[in-house]
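Below you'll find only one chain, the form predicted on its own, shown as structure tokens.
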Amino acid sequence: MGRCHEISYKYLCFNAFLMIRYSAPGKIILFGEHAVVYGEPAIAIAIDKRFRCEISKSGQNRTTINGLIFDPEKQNYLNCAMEKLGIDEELEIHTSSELISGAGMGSSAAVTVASIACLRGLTDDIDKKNIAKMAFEVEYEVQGNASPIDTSTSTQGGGIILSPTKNSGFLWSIKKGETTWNIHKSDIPKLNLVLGNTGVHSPTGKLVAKIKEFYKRSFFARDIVNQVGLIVQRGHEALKNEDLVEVGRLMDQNQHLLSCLGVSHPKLDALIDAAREHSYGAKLSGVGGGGVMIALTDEPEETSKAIEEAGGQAYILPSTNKGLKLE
């Protein structure tokens, strides 16, 4: 089925059920993208936009997805999950998504989390820790480098903080090589967030690899990563204190550092500049290189209008406490 290496996960046989359906939410990173890959903290929140996956045994001698023959190269996250679980049965897979692919909304994580739950045949209790860990392994394998923030947020829902240390709200740890991430639940207050989509597709794997090389050979890049980590800590304190002015100021600082890393884009800059007139602060969210930006605001309609006048597509995004769920 491809190049994904097998690891020891056990799944339930499909004869235990006729069909199973799960959904998982997308996410928005508030602070810390890219730096989190290197062990720095990051904050994300689940959004009320979901990916849905339904899997059953196939009545044909081939695996299909949405009525078409399954292509391992195109469905690489799902294919990698199937290989890790050792699944060689022919399946009928149906998917639908409210998320924008390649736009920093955690679409690949939602795909991976919901698919793994279906593939393992989970019909009652969900072991969120194991789902989140396996989903991270899939993302790491496909992208070549990753952090567990997307998959943990999609699995758990609500606000998630990754930190190099264990603190209040600790959920689980995930380790890769010499890096350990401690995942925590955080009661982040309800925020008015507006997302602006540039319409420019952002290739996650290529950008992650670019920053990885920059980080390895440049003290400047490593210093930026450390500064982003400090901003995340200050941002968490400001969120707990509901100091939105400070949160917005730190978002602007985070954006400046991401630009220095080379992951912004002229269209992102234009949308961010337009949104700031009606916002506390604004920054890219996700991998960058296009994709999306977010703005923290008390004027979501005005912010949306400004983003659209600058050439973007605007979405007012509610957060959600619901993570992975059986449907």
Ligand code: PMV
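Quantities reported herein were computed from a predicted structural model and do not represent experimental measurements. Note that residue numbering follows the sequence shown and begins at 1.
Absent from the display: the form predicted in complex with the named molecule. The rest refers to it.
Enquirer: Looking at Ser115, Ser147, Thr198, Asn254, which has any heavy atom no more than 4.5 Å from the named molecule in the model of the complex?
Expert: It is Ser147.
Enquirer: Any idea which of 228 to 236, 104 to 112, 187 to 195, 168 to 176 reaches within 4.5 Å of the named molecule in the model of the complex, heavy atoms considered?
Expert: Single hit among the candidates: 104 to 112.
Enquirer: Answer with yes or no whether His34 is in contact with the named molecule in the model of the complex, where contact means some heavy atom within 4.5 Å.
Expert: Answer yes; at least one heavy atom of His34 falls within 4.5 Å of the named molecule in the model of the complex.
Enquirer: Although the partner isn't part of this model, could you tell me whether Gln156 comes within 4.5 Å of the named molecule in the model of the complex, counting any heavy atom of the residue?
Expert: It does not: once the named molecule is placed as it appears in the model of the complex, Gln156 has no heavy atom within 4.5 Å of it.
Enquirer: Report whether the minimum heavy atom distance between Ile272 and the named molecule in the model of the complex is within 4.5 Å.
Expert: No, Ile272 stays farther than 4.5 Å from the named molecule in the model of the complex.
Enquirer: Wondering, does Leu261 line up within 4.5 Å of the named molecule in the model of the complex on heavy atoms?
Expert: No, Leu261 sits far enough from the named molecule in the model of the complex that none of its heavy atoms falls within 4.5 Å.
Enquirer: Can you work out whether the named molecule is within 4.5 angstroms of a heavy atom in all three of Ser23, Ile131 and Leu324 in the model of the complex?
Expert: Verified in the model of the complex; spot residues all out of contact, no.
Enquirer: What residues in 276 to 291 sit within 4.5 Å of the named molecule in the model of the complex, counting heavy atoms only?
Expert: Those in contact are Gly286, Val287.
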